[in-house]
Structures are given as structure tokens and as C-alpha cells.
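The chain below stands alone and is given in C-alpha cells; this is the form predicted on its own.
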């Protein structure tokens, strides 16, 4: 059975790059009928915060991503220490008391001025636990090649000369990332590790640990980076790329899931997918080898597609959640349930995000009117046509007598017959009505407009 994991560190909000890792792992688990583990990697005790753990879980839940098992590395320190002891007993790890200053001094004496120079193995072979501060380092062994097959990158080969005896247990007793992740992935029986290509060097280091501890090595898939349109890698510290930001901007969870899934994966030329389609089609064998470029305009386009395609009941549910999340109030006719549902269903096709949909819905709910300066000269020109004005007066008469605002066919037929009766173009008559009712040259469908405004329709028509 396939088993994968999403393993974020709770040092910041979930951003698009990390969210893509979560989405790809979740989709692969669901596509194969496997399991997804959510593992919070909080071994960095000084930077990890519970508020970010809660935020990550909230974002995943909002996007519809569930998980089958949950762990926090901070609860597993005793497990990691037992494996450190095992490596020490095997002679595969050793105690190190070298300070950073010691290493810099020795490197300087050798003419190596690079502060990031590799550890020189000064303490290699130390078996007795020191009395003072110390770390534990992995003995990576002699000069050899570490090779592994990668789903995306094909075969990767790294020589151990490029590595050093890295720390597996820090001086505060906490494990390092490269150590804890191997122990966890092995004990949790991961079959596939799907993560960013920035982990390739880590993978080489980790394979040595897999071998030393006798663990089965999983299949690796290293994802190319997610870049912005400026070709710079996206970062969790770029505020506009975190999931919370897009939720507040009125992006639907289904659209965000769709957009993220397309960052390095494809299914023919298709762009728009439901969650069910993503789970059915997703396959790591179809992952791209090239960097993915995130385009916010495309995100908005996809969001508009999802806004129009979602069943009304689900769309209303997402909209209500958006209002709650952003503390946006319902006002005016938005409090009338039937009117509210009609407005959202009728207006959603005009928007690419829930925020702008809310603003337009609210303007009708509160009977807000303002004349666009670009629309005014168009209105004045239309008013000069006597026949259009006669037709306009005729529309006002039968609107006053309107009994059933829901009868679209009747209203449509009345508009057509009135235009024909007065020998004017239907489009000109509708434009005359549109500007008078909204103050704009572009508006919702005129019949929807009548229904949104209701009795306010005639009141606006009587304005000079």
C-alpha cells in the first residue's frame, strides 16, 4: 500500500510551494488508495510555534485535504535518541566537542577561509560521552558514490566527498532534520517521499542513514521549484503567496486546489479539474521536470471557472465560509434568504473572486447608486432619441403593473415587443435602462437586474 507524508515545519504560514507538496502527496495517496501522514516537524524548538501548526491544519482542511495519521516530532525525542545510541554503539556515529570557533580556526590554519567549510573530522572515533557540551555526528565513511533513482530527475549520483560528517543530535538534545526524518519515514513505513528538489542533497545524506540502520529506502520524487513570474522562487515569507491570503481574497478551495495541482503536473491539455477528477487522474509519473511558474492571473481565471461550475448549494456554503472568515457582514436585502440566493446565483458568473462578488451583491442589497462619469454622456445621447424615450416610458408602465418578477419569459417578451412597437433596437433600449438603473454601461443581465432591484426599479426609472 502506498504511504506518503506531508511534513511541514511550523515556523510560518503555509505558502504555495509547501502547499503544492501537500497537494501532490495527498492526491497520490488518494489516487492509489493509500495513506497520507501529516507530520509536524517541530524539532527546531526555538522557531516552531503552535499557532503555525494550527494554521497549517486549518488550511489543509479548508482545501479539502484530509490525512490518515498525525504526528509531532517534538513528541518523539526519546525514539530519536534510541537510534542515536544505536549508531554510537555501531561505531557509525561519534561525539563531537568542537565549537564553531574551533573549526574556523583549524580551517583558517589550512588556508580555508570559507565559513561554511565542511567539518574536518577532528573528533571522529570518539566513543566516550563528554562531560560538557557536545553534539553527535554521523560518520559518513569513506569515498564512495551514493546513487538513487528519482521519479522526476531519473538517476542521481553524489560522491561522499561532497558531504561531511553532519550533526544528527544537537547540543540541546534535539535531533537534526536529516536524522529525525529518516527515523520517522522508516518507522512510519513511507513508500514514497515527494518533496522539493532543494532536498536532493539531504536525500543523499539520508540514504547513508537508511543503509546504516538497515531501513528500506523509499522511492523519491523531487519536485522542481515553484517560481514567480519574476523567475524567483516563491517563499513562505512573501505574504501574497500564503494560503490564508488567498482565502481572504475570495479564492474558492476547489479552485486553489486545482491551480496548485497544475504547478508541475498535467493531464493532456486540460486546465479545469474537480477534486474528484484530480484524485482520479493524478500520477507522479506525469510530473514535469521543469520549474513551475505561478501566475496569479491564471489563478483568478480558474477561480471564475469554479465559481460558475460549482453546484449552488456548495457555492453558497463556500461563500458563507468566506464571509465568516473575513468578518464581512450581510446587510440590507442580503438578510432576505431568497433574495440572497438569487443574487449570488445570478451574479457569480460575472466575477473571478468572492470578494468582488460580495461587493456587487452588497451594492444591490443596500440600493447603492452612483453615476459613472463615462456612462453619463452615453445616457444623454440615448435620451436624444425620441423613440427610445417612448419605449422607455412604456417599459416603466408595464413594470409598474408587474405582478410576477420571477416570470423571465414574460419580461423578455415584453421588452422585445416594446422595442419592436417603437422601432428601436432592443440593445439600445436595454442600454438606456441599464444606465438609468445602475449608473454604468455594463451590468448584470437586464432581467436579473429587475429582479435584484425589485420595486426599486421603477423608483430609479423615475429619476431625472
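As the structure is a computational prediction, the values presented were derived from the model and not from experiment. Numbering follows the first chain given and starts at 1.
What follows is about the form predicted together with glutamic acid (GLU), which we do not show.
Novice: Tell me whether 13, 54 and 247, taken together, all sit within 4.5 Å of glutamic acid (GLU) in the predicted bound form, counting heavy atoms only.
Specialist: Judged in the predicted bound form, none of 13, 54 and 247 sits within 4.5 Å of glutamic acid (GLU).
Novice: Between 153, 199, 170, 390, only one gets a heavy atom within 4.5 angstroms of glutamic acid (GLU) in the predicted bound form; which residue is that?
Specialist: Contact with glutamic acid (GLU) in the predicted bound form is made by 199 alone.
Novice: Looking at 343, 221, 181, 138, which has any heavy atom no more than 4.5 Å from glutamic acid (GLU) in the predicted bound form?
Specialist: Selected option: 181.
Novice: Using the partner position in the predicted bound form, report whether residue 177 sits within 4.5 Å of glutamic acid (GLU), counting heavy atoms only.
Specialist: Because a heavy atom of residue 177 falls inside 4.5 Å of glutamic acid (GLU) in the predicted bound form, the answer is yes.
Novice: State yes or no: in the predicted bound form, is some non-hydrogen atom of residue 195 no more than 4.5 angstroms from a non-hydrogen atom of glutamic acid (GLU)?
Specialist: Flag for residue 195 set to yes.
Novice: Taking the shortest heavy atom distance, is residue 443 within 4.5 Å of glutamic acid (GLU) in the predicted bound form?
Specialist: No, residue 443 sits far enough from glutamic acid (GLU) in the predicted bound form that none of its heavy atoms falls within 4.5 Å.
Novice: Does residue 410 make contact with glutamic acid (GLU) in the predicted bound form, using a 4.5 Å heavy atom cut-off?
Specialist: Judged by the heavy-atom cut-off of 4.5 Å, residue 410 is well away from glutamic acid (GLU) in the predicted bound form.
Novice: If we check glutamic acid (GLU) in the predicted bound form, which of the residues in 21-54 reach within 4.5 angstroms of it by a non-hydrogen atom?
Specialist: Counting only heavy atoms within 4.5 Å of glutamic acid (GLU) in the predicted bound form, the single contacting residue of 21-54 is 41.
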